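Presented as structure tokens, the chain that follows is alone, the form predicted on its own.
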Amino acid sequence: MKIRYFNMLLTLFLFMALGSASFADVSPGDVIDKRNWQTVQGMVPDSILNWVKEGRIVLNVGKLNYSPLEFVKNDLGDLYSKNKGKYALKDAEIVDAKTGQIALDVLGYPFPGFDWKEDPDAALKFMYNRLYMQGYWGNVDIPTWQLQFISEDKGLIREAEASYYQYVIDGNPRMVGQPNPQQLQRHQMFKFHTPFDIAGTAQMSTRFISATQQDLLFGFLPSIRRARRLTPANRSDPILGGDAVIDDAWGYDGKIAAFDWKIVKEQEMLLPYHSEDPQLLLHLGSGIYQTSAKMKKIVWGYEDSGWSGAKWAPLNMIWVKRPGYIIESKSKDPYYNYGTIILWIDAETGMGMLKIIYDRAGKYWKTFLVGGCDFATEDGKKKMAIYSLQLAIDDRSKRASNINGVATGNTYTMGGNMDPSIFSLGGFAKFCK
């Protein structure tokens, strides 16, 4: 009887455990709020789970009507897998597997098909794949984007408008075989145009392929009409005193070799996506593509008078079950403002990222959301996995900064030609004046 009683209790326990596990799952159409927040426990970071519990945000669970992985494969073509065995890592640098020399003109995924459980360099390889996938887009031109400062309870406080340019050298198909004596990876520049009190404020950075060579970073202040060199640690300083830093762009835009990386685990997770369907991609000819200014608009909490949660909350994004990696990183620079960073990344695209930021004392500080967004031409011949929303939420100050780049009203052009002279110190100062 004792054995039978024990077996009955064991069966009941297993039944309850299985029932609890199935209850913890979510399905498209579910709305996750403070009444049922337990259903996403473990599928989102604790910071987002707390927002849901407190009624600051609601997660609308959706399903993508396409495969993001197919968009990556379509964009990269045979370069999605062609490089297998061609490259290796040496001191956090990509080198030719045969010669051991630093690799130049890397295109597509440099490290396809690795096993993260067996490979001690898996996190580095994953981040380099992500970097070179973006580099394959070529030069980037965003003539207009907005930086919005949003208070959690008061709504939109201030908005600044800027332009952004990226000149890609290593990883850009148009640059293969071109002289690159300094072994540069890319140039970047952004300049604010409004409001009047900051118009002309700009920053320019140059990144080298070498793991040991730090970024060159320059700032231009209209009040002194001079360009001044800044320390690379300035990439972790707030943009215009807001909540986002330069290295937050696209979830992570710092120098990969400047951080230590570790894949913590692989798991199913809920990640933010722009829409169930791809957005329209325009082909301008000669390999140049542009996002449409008429893409789906994200509705913010401050725009809905009936919304009682955080004013910075995106209300009409969908949260999709995706395979993902949780990756831990920390800067090697003792002056870097962030401590440990935890990334929740879509395993197939490297996008759809959640970034959990701790201070140098190890206390939770901020969460950065990057909404996955995929684009396709009308004929379906060209597909690209990009992103849309970029939102930094500071839970200490109860405010957020929205980098409104790939969004309704703005265009994002990839693959075009660009004058490299504006990325010299003289060209930068002339451009800003």
Partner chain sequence: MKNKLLVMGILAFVATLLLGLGPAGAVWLNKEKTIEMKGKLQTRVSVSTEDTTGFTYPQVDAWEVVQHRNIAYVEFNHQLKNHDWSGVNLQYHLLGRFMYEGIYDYGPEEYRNLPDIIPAETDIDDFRKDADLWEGYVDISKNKLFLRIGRQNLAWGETDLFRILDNINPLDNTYGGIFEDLDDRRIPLDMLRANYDFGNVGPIYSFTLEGYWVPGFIEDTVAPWPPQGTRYSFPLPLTSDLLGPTFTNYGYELVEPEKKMEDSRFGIRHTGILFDNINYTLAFMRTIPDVPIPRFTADFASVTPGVPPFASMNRELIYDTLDIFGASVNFYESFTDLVFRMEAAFFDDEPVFIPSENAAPIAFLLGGPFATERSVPKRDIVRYMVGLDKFQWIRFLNPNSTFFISLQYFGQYMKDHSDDIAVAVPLPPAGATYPKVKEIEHTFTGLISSPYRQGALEPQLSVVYDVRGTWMFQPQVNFKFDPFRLMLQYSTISGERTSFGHFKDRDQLTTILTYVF
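Note that the structure is a prediction, hence the values are computed from the model and not measured. Positions refer to the first chain, counted from 1.
The same protein has a further form, the form predicted together with its partner chain, not shown here; the description that follows concerns it.
Novice: At 4.5 angstroms, heavy atoms only, are 141, 165 and 399 all close to its partner chain in the predicted bound form?
Specialist: Per the other structure, all of 141, 165 and 399 touch its partner chain.
Novice: Evaluate residue 174 for contact with its partner chain in the predicted bound form, applying a 4.5 angstroms cut-off between non-hydrogen atoms, and reply yes or no.
Specialist: Looking in the predicted bound form, residue contacts with its partner chain do not include residue 174, since no heavy atom lies within 4.5 Å.
Novice: With the cut-off set at 4.5 Å between non-hydrogen atoms, does residue 365 touch its partner chain in the predicted bound form?
Specialist: Taking the distances in the predicted bound form, the answer for residue 365 is yes, it comes within 4.5 Å of its partner chain.
Novice: Is the gap between residue 424 and its partner chain in the predicted bound form 4.5 Å or less for some heavy atom pair?
Specialist: Output for residue 424 is yes: heavy atoms within 4.5 Å of its partner chain.
Novice: Decide whether residue 91 counts as a contact residue for its partner chain in the predicted bound form under a heavy atom distance cut-off of 4.5 Å.
Specialist: Output for residue 91 is no: heavy atoms all beyond 4.5 Å of its partner chain.
Novice: Quick one: find which of 340 to 348, 115 to 123, 91 to 99, 241 to 249 has residues within 4.5 Å of its partner chain in the predicted bound form by heavy atom distance.
Specialist: Single hit among the candidates: 241 to 249.
Novice: So its partner chain isn't shown here. In the predicted bound form, which residue out of 286, 308, 223, 178 has a non-hydrogen atom within 4.5 Å of it?
Specialist: Of the candidates 286, 308, 223, 178, 223 is the one lying within 4.5 Å of its partner chain in the predicted bound form.
Novice: State the residue from 326, 104, 233, 282 whose non-hydrogen atoms include one within 4.5 Å of its partner chain in the predicted bound form.
Specialist: Contact with its partner chain in the predicted bound form is made by 233 alone.
Novice: Going through 195 to 227, which residues have a heavy atom within 4.5 Å of its partner chain in the predicted bound form? Please give them in sequence order.
Specialist: Read in sequence order, the residues that approach its partner chain (within 4.5 Å, in the predicted bound form) are 195, 196, 197, 198, 199, 206, 208, 213, 214, 216, 218, 222, 223, 224, 225, 226.
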